[in-house]
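Only one chain is given next, in C-alpha cells, and it is the form predicted on its own.
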Amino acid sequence: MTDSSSPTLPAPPAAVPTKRPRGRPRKTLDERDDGNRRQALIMAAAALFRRKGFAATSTRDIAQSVGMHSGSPFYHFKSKDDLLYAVMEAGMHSAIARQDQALAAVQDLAAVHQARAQLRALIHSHFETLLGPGNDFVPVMLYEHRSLGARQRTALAKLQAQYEAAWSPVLGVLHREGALGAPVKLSRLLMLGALNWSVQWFDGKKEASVQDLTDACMALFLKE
C-alpha cells in the first residue's frame, strides 16, 4: 500500500528524436581524397608501365608505389586495363590543354609570322609532352595501345584526332606560302612520327635542350 503523503516524482522527459542531417552523408577521409589518390595511381602506373611494361606490372606494384594496400586500386579502377586507359586518357587531355595554351600565346602575332610561330609552338609543346618530367603516358600509349579494348582504342583515337587537328590548318598556311614543300597530311604524319621517336633516344643530360630540338625541327621541316 502506498503512502499518500509521499511526494510524486516527476516523469522522465521524453526522448527527443535525433534529427537526420539534410543532404548527402559526410564523406570519409578516403572518399574526400579520392581525386588525389586516383591521380597518384595514374602517375605511378604510367611510370611503371613505361619502365616495366604493362604485362610485367602488377596492381600490387602500383599500389605499393603509392603506399596503398594491394587491393586498393580496385576502389578507383575496375581493372588494370581500365587503369591503362586512364593513363592514356589523362595524358591526352593534358597534352591537348598544353597545346591549346601554346597556340593561344602566339595568336596575336602578325599574319606573316603567325604560321611559323604556331608551328614552332606546336613542335615545342609536343616535345614538352614527350620529354618533360612526369610525362610517361606517350611512350606507354605508343607501345601499349594494343593492350586496350576496342572501345577504349576508339575513344583514344578521337582524342588523338582532336590533338592532331590543330596541326593541319597551320601546315596548310605554310604549304600555300611555299614554306612547306610536302603535302599537308604527309607532312603532319612524318613530323609527328619523327618527334615521337625522340622518346627512344633523347637524354636531356647528354643531348640538346627541348628548345634546341625545336630549332632543329624548324630548320629541317621548313624552307627559308
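One rule holds for the numbers: they count along the sequence shown, beginning at 1. Nothing here was measured: the structure is a model prediction, and the numbers come from that model.
We do not show the form predicted in complex with another copy of the chain, though everything after this point is about it.
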Item to check | Candidate site 59, 161 and 167: all three near another copy of the chain in the model of the complex by heavy atom within 4.5 Å | outcome: no
Next on the checklist: Tell me which stretch of 96-104, 136-144, 83-91, 70-78 has a heavy atom within 4.5 angstroms of another copy of the chain in the model of the complex.
Outcome noted: 136-144
Checklist entry - Do residue 176 and another copy of the chain share at least one heavy atom pair within 4.5 Å in the model of the complex? => result no
Next on the checklist: My question is simply whether residue 50 lines the interface with another copy of the chain in the model of the complex - judged by any non-hydrogen atom within 4.5 Å.
Outcome noted: yes
Checklist entry - Though only this chain appears here, would residue 213 touch another copy of the chain in the model of the complex if you measure heavy atom gaps against 4.5 Å? => result yes
Item to check | Residue contact check: residue 65 to another copy of the chain in the model of the complex, 4.5 Å heavy atom | outcome: no
Checklist entry - Hey, which residues along 156-188 are within 4.5 angstroms of another copy of the chain in the model of the complex, non-hydrogen atoms only? => result 180, 181, 182, 185, 186, 187
